[in-house]
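Given next, in structure tokens, is a single chain: the form predicted on its own.
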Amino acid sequence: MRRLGRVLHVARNDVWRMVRDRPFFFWTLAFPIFFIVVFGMLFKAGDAAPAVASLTVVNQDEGRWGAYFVDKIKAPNIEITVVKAEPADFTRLIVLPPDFSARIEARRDQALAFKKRAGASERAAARVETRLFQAIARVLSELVLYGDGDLTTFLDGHPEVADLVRVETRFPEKTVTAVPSGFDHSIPGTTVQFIMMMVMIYGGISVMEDRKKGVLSRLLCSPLSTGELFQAKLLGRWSMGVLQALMLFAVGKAFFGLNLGSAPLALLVLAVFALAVAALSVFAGSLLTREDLIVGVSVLLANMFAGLGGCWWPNEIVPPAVRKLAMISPAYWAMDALHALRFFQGGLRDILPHLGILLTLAVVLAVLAARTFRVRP
């Protein structure tokens, strides 16, 4: 217990030194919020389908089958507007040509034009398209059951028939059905990026300066061993990363309505990720001897890993080859896990591989940092 108390005391002191630094809250809170707003507005909240999807039907049909087909399209969640000419403003539109009835009665095939406005809800469009296919299937099944009868008299009266065809829509396995977007993407993305940048810069420079100024050497005059001193430095930098995540998530929840899917699991992901970054910061501070070098390496790695890892834009929209390359970035595994929790209704089982990879990376980096950790210049 005494050993743990000594480690916690040094780690707490390191965190307190960072918090007292005047630029600390600008770089760990204010500046990240700027990124959150920019990327949150750039990738606005995803496609939210309206409760009732609108459909404009341009019925140019000169017979009676056009109105019959429109009646088959009707559904509680679809609002239909029938017009004679194509309007300048529409959301979704289908055109029934003048010879629509004539071609049906002649048992000839025909093509229907379906249009949708750019930027309109894709989910609503899919709902309307499904209903159109259902209407086509219902009309065709009735014509098949009617047989070789005279179709010109079909609408004057015919026995009711049951639907022969059932139309359902489903996505192929592993299809991305939601693209992460809005503040629910930008807040975790910015948090992951700035944990990398700030923990590596602050953590690395403080280790380097403490070694140069003899602080680490003097600490060994206390009951602390070299191993305990390393653990304290690692714990202090991990605490800084977790603190930053808690601050940004609190701001996101209060001002942007942040939804993490599962807040405890999201924090678990970031805690393991912060441990890997903390180990990397101690490793950099032990290996590098100049402040400008630590800053340059930290900014370069943080931005490269953030861009590849899906912090700036969702990795779900990049080509498969780029997505595979992104797996070299620790940020990828953190962001993919956070997206699984928020956008794909995942749970602990779904993010276990991500946690395993991040934890393995943290252990490897911690071993490297421990071997290179130097108390004296």
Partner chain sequence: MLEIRNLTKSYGDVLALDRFSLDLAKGEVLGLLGPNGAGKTTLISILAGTLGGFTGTVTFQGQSLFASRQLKNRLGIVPQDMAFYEDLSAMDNLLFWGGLYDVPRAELKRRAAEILELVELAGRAKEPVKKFSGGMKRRLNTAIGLLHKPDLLLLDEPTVGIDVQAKVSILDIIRNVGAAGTAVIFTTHQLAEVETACSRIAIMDKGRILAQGTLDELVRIVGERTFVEISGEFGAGAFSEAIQDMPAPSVELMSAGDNLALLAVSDTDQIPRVMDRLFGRKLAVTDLTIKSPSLETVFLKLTGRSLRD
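What you see is a predicted model, and the numbers here were worked out from it, not measured in a lab. Residue numbers count along the first chain shown, from 1.
One more form of this protein, predicted in complex with the partner chain, exists but is not displayed; see below.
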Task: Contact residue in the model of the complex, chosen from Thr289, Ser225, Asn259, Asn77 - any heavy atom within 4.5 Å of the partner chain - done: Ser225
Task: in the model of the complex, the residue from Cys221, Ala254, Ala85, Ala106 that sits within 4.5 Å of the partner chain by heavy atoms - done: Cys221
Task: Options 211 to 219, 191 to 199, 276 to 284, 245 to 253; stretch whose heavy atom lies within 4.5 Å of the partner chain in the model of the complex - done: 211 to 219
Open item on the list: Given that the partner chain is not shown alongside this chain, does Arg371 nevertheless sit within 4.5 Å of it in the model of the complex, heavy atom to heavy atom?
Closed with: no
Task: Any non-hydrogen atom of Asn13 within 4.5 angstroms of the partner chain in the model of the complex - done: yes
